[in-house]
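There is one chain below, alone, in structure tokens, taken in the form predicted on its own.
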Amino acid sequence: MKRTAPWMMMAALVASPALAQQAPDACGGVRFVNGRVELGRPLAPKGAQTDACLKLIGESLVARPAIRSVTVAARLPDAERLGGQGLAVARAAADVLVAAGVPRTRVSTVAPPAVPGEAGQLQLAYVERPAQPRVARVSAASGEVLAGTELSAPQPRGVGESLYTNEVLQTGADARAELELADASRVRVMPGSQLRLGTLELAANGKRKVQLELLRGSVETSAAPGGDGSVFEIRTRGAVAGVRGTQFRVSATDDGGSRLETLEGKVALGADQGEVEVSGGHGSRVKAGAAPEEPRPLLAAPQLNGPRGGDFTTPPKLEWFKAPGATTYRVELARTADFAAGVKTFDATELALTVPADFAGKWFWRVLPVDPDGFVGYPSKIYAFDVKP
């Protein structure tokens, strides 16, 4: 297995926040979806709030080098549009984008008629021509999900948006995201994590090379099958892991160590001081400057007691049976059964958890056991309940 720098960990498969907080105030949210800039509220043709929103849009465009051009449309009633008035409004909006850093050669303006019965507004469209193939697409997201090439100035990212080489995706404390890589692999980025997107190379014979770097937090990966000689790398500080499986978790711990949990397949986890092979159902860790520990069995999935369905007028108490070896339990509740986004996570030391009073509607739930060293075992079955006050 080829090693890189000693401070890096590699999993190889072979077969600004401040800016984001301002966005809802000025634009009601900004998303780049299928060539259109979607905002949380209509953008008036003029005004201080319009200029503030356009500034945020401009800064977001600068952070997305794959967007090669943007068109500002001033959709105004004829009385405000004819005689060059409409184009003047569109050009004034374009000037704000340029002042935010968008090259003037990439901004064009038009003044089409307004939709009958609707007030005049600004709309923006873009053309995305990446200089390099995208590495991933955000397939699911909830909470604060940001990305950018500079950690100091990340931009909000939503479902459907693309990620490219050297961009870092980060999730807030209560957020998570699922990425669909260009090779059809999926990576779930857990709360409080940072993942740098490296290169992704695909050959006609099915051989592929994927490089990701986990800077902080945890990810869970389901790697798609690859041709002979394929490599799937996830790096963290402290160790080198050569993965020969399809589903695994990698965590970068605050003390500079790394933790690996193999759910399916095999993983060769190594550091300068040694190497171990971790098969499915086992985990290992590497502390800073030490050799990988001998693999340990992951805890078995706990059995759930209930509720296993049904309607409730108030949030119910969730109960499960003890999983041997577990000292704590991770309880996850989600709006969808795939637990890809919209997940609420709670830590429990007992065998029950009372759902918070503000939970309403349908929720899916499951429990994962955690051992004294933080290794997370297999998840339980999934059940659902519906709170109908």
Partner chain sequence: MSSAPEPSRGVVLPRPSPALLRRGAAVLGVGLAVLTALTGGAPGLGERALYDQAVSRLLPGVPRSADLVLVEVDDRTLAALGERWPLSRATWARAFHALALRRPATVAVDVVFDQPGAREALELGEDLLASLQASGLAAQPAGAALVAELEAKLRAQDGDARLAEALAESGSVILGAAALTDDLAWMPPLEDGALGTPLPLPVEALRLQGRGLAGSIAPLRMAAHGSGTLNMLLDPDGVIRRYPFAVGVGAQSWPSLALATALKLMPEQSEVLRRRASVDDGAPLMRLPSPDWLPRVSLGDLLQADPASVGLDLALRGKTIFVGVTATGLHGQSTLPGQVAVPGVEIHAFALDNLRAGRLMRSAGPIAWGGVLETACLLGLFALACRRIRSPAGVIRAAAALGVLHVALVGWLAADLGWVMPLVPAVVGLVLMLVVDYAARTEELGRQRGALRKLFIRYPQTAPGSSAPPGEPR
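Here the rigid core means the biggest group of C-alpha atoms that line up within 1.5 Å when the two forms are laid on top of each other. Positions refer to the first chain, counted from 1. Quick caveat: nothing in here was measured; it's all calculated off a predicted structure.
From this point on, the text means the form predicted in complex with the partner chain, which you will not see here.
- Not displayed here, the partner chain is kept clear of A357 by more than 4.5 Å at the level of heavy atoms in the predicted complex.
- At the 4.5 Å threshold, heavy atoms of E38 reach the partner chain in the predicted complex.
- At a distance threshold of 4.5 angstroms between non-hydrogen atoms, R75 is in contact with the partner chain in the predicted complex.
- The partner chain is not drawn, but in the predicted complex it has a heavy atom within 4.5 Å of E128.
- Put simply, of V89, V102, V168, L124 only one has a heavy atom within 4.5 Å of the partner chain in the predicted complex, and it is L124.
- Out of the listed residues P113, G309, G84, P297, P113 is the one that sits within 4.5 Å of the partner chain in the predicted complex by at least one heavy atom.
- In the predicted complex, every residue of the candidate spot (V33, R68 and S108) has a heavy atom lying within 4.5 Å of the partner chain.
- Contact with the partner chain, judged by heavy atoms within 4.5 Å in the predicted complex, is confined among 187-195, 277-285, 116-124, 148-156 to 116-124.
- Once the cores line up, the CA of A288 ends up less than 2 angstroms apart between the shown form and the other one.
- Fitting the two forms on the rigid core leaves the C-alpha of A173 displaced by under 2 angstroms between the shown form and the other one.
- When two forms of a protein are overlaid on their rigid core, residues whose CA moves 2 Å or more are considered shifted, and L212 is not one of them between the shown form and the other one.
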